[in-house]
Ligand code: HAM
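Next comes just one chain, in structure tokens: the form predicted on its own.
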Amino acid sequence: MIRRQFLPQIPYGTKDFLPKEATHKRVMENSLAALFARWGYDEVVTPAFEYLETLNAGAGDGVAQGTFKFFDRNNNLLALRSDMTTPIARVAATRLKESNPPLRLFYLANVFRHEQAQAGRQCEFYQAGVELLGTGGPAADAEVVALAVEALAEAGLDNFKIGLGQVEFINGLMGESSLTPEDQQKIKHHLVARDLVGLGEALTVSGLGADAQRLIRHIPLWQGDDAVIQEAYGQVKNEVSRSALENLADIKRLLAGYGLERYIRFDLGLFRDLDYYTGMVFEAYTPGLGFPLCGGGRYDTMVAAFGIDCPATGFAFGIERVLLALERQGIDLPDPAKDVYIGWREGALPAAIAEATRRRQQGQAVELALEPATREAAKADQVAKGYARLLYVGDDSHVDES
């Protein structure tokens, strides 16, 4: 009987980060953490899994569709976090409720979501992000958008755009229509998916008048500069949608004060696929990548689900997506310095250890050979491993550097 050889594999939707990939990921994370700290944000770390009812309370029952769920030994239903906004809202409402607002928090975390695995998105993926809690208004929204722009620039990107939308613009149009709640959800689903064909079909059977259908069909096409706001303001009549447009104009004016207006374009059809957004929403796109690099917006009601009235806004930044964008655009991340490789001949290990210790204490990156070798073999190892210099310890502990 022939035994089948066991070939270990990793679960669907996960990946290994090999040394160079892991190094680039860590370099980016450290850079982003330093950036967020410079803007006054403090890091928080939350558990990788929560009670499912906690996640449902924050993000709604729809979150359960994409979560990995399991039971603990007491039969409590748990779930791996599918985003970081809900856990941070829980922390703000329970552990930091006595803090002076606003709260500025950031995170670096892996999150888990049932996905069809593809480039830039796995079932386990990595995010960096910020949440600004305890304040409403355009100043807070402008700050998180500005910080998202700075984060993308810090990562090494320059060729990208921020699409800026407002969910209340669409909600205002839905509210003044005669659509049933079910039909409104169908329309919103097609807007999230950018499915113009499906949107048209849903409107055709909706019973709406021709003018109302025309207006809703045009929503995904309202993209561009300030003229988009002016045109939309002239065509909508309800105060909810008009207030949303005024809010977007205010945010854009504040972003001009940051000197970042060149990255901003309005996108009135932007309607993100999480139900907890209540105001401004945004996504960042770059050429060559068919999905957003980062996204976020205002979510004023989530923290209230945990017992505290607390307006909030923030964004999540896809680490792997940005790394993929850098690779496709031929932008190299710097590799950490590899300063010295130390080889040694038979009997010279104690002297080699002393030299390695001295140089590491000076802050140099040093790899010490674990077996004796000739100078020529040590030189070959130094080159193969990518170290800048060879230090060879030879006869009488003589140190020769090249």
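Predicted, not measured: the structure shown is a model, and the values here were computed from it. When you see a residue number, it is the position in the sequence shown, counting from 1.
The protein also exists as the form predicted together with histidyl-adenosine monophosphate; that form is not presented, and the subsequent description refers to it.
With the partner omitted here, the stretch from 198-206, 121-129, 164-172, 248-256 that lies within 4.5 Å of histidyl-adenosine monophosphate by heavy atoms in the predicted bound form is 121-129.
Remark: none of the three candidate residues (Arg81, Phe106 and Pro311) comes within 4.5 Å of histidyl-adenosine monophosphate in the predicted bound form, counting heavy atoms only. A residue is said to contact a partner when one of its heavy atoms sits within 4.5 Å of a partner heavy atom; Pro138 fails this definition for histidyl-adenosine monophosphate in the predicted bound form, lying far away. Shown alone here, Pro292 lies within 4.5 Å of histidyl-adenosine monophosphate in the predicted bound form, counting heavy atoms only. Not displayed here, histidyl-adenosine monophosphate is approached by Gly297 to within 4.5 Å at the level of heavy atoms in the predicted bound form. Of the heavy atoms in Gly318, some are within 4.5 Å of histidyl-adenosine monophosphate in the predicted bound form. When histidyl-adenosine monophosphate is considered in the predicted bound form, only one residue from Phe160, Tyr276, Phe266, Phe271 comes within 4.5 Å through any heavy atom, namely Tyr276.
Listed residues Asp225, Glu327, Glu115, Asp72 were compared with histidyl-adenosine monophosphate in the predicted bound form; Glu115 is the one with a heavy atom within 4.5 Å.
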